[in-house]
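Let's start with one chain on its own, the form predicted on its own, as structure tokens.
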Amino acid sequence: MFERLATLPADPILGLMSLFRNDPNPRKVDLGVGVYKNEQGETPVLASVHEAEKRLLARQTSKVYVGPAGNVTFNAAMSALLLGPSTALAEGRFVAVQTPGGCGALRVAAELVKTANPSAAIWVSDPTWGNHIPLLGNAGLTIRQYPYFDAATSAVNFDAMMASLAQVKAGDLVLLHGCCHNPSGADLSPEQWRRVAALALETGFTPFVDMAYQGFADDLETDAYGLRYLIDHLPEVVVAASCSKNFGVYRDRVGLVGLLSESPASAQAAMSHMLSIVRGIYSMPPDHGAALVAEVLTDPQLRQRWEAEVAEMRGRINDLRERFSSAMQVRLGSDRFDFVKRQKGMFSFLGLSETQVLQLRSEYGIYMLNSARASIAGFNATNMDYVCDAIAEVVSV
């Protein structure tokens, strides 16, 4: 049976990581991998999380299963972080389940949609995170795309986006990045979120918000504006959240899938199906990472420390954007890369051709995706000038 299987091509990001590891160039720079890095090029354990871990290990007496819904304290604390003081929480119209990372949240949501409406399509932005389509499509749902990013302006092509979404059928879902759009870094404005909400109410599509970077754009509250506006003004919203970036618990795989419904009864019915889906896929989520996040969010001292650490990571990324834009302006004598400082989060398209990207890789050991999506957190004081000099060389030819 298995001898008939053909070898699949490597995932673009994972393949790029392998190429980087095997490159002997001592000056090589990784702008491809999607993890936060500090000035030393490390992805640290946050001090708040480290303290929570010490406390957890000191009092933990069992490794018994946590149940399909996961850590209930985590579920409540994360729901509050995402939704704020929402009446939907008080009324019992929002239900949530802990998942193995944001990926698990996306897949459980897709399976729930398939159960509720097998003919539903999920519309994703063009471009979107590379794993959205397999995670959602492999559940058996139809995937469609709507235009989002205008490469000519390096901004959201909102008119084209809205024209496309006006054609979405009632019962379909539209996947929206809550903040820090991956891979473009171009986010919706508050006014644009309100217009999307109005269109969803008019046409009957259900927003499906992927919140993977809360706190990495402006601040924890501002970054949740779009999601909270949808929750407050629509009857149904699906949300998938990840704690990988803002808590730094990547390998612990911590996520949450949530659902807003019109009534507490329908929310509980959906909850029963989510629990059944979980039981049939992975049975129980891992405990450790969610317990850490719950400890941080429910302890005032740890939470204050964590919020400061999120602000520090966000500030560093925004500073790198400013420094890169300024450095390129000096080298090129133009504002060609000024858009980078206007964008949000860890990623930006640098507007380079695939030929230029491959030249950076082969001649300078600078690694980014072929689409020129760069991880801004990969810059630091040691490599910034080197990368800017190299980019200036390849774009000036």
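All of these numbers come straight from a predicted model, not from anything done at the bench. Numbering starts at 1 and follows the sequence shown.
Below, we refer to the form predicted in complex with a small molecule, which is not included among the displayed structures.
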| said: Can you work out whether N182 and the small molecule are in contact in the predicted bound form, taking contact to mean some heavy atom pair no more than 4.5 Å apart? | reply: yes
| Counting only non-hydrogen atoms and a 4.5 angstroms cut-off, does I13 reach the small molecule in the predicted bound form? | yes
| query | Any chance F337 has a heavy atom within 4.5 Å of the small molecule in the predicted bound form? | reply | no
| request: Indicate whether F74 is a 4.5 Å heavy atom neighbour of the small molecule in the predicted bound form. | output: no
| Stretch from 32-40, 50-58, 63-71, 357-365 whose residues place a heavy atom within 4.5 Å of the small molecule in the predicted bound form | 32-40
| message | Going by heavy atom distances of 4.5 angstroms or less, which of W129, F158, Y225, F216 would be at the interface with the small molecule in the predicted bound form? | response | W129
| said: Please identify the residue among R305, K245, R93, R316 with any heavy atom within 4.5 Å of the small molecule in the predicted bound form. | reply: K245
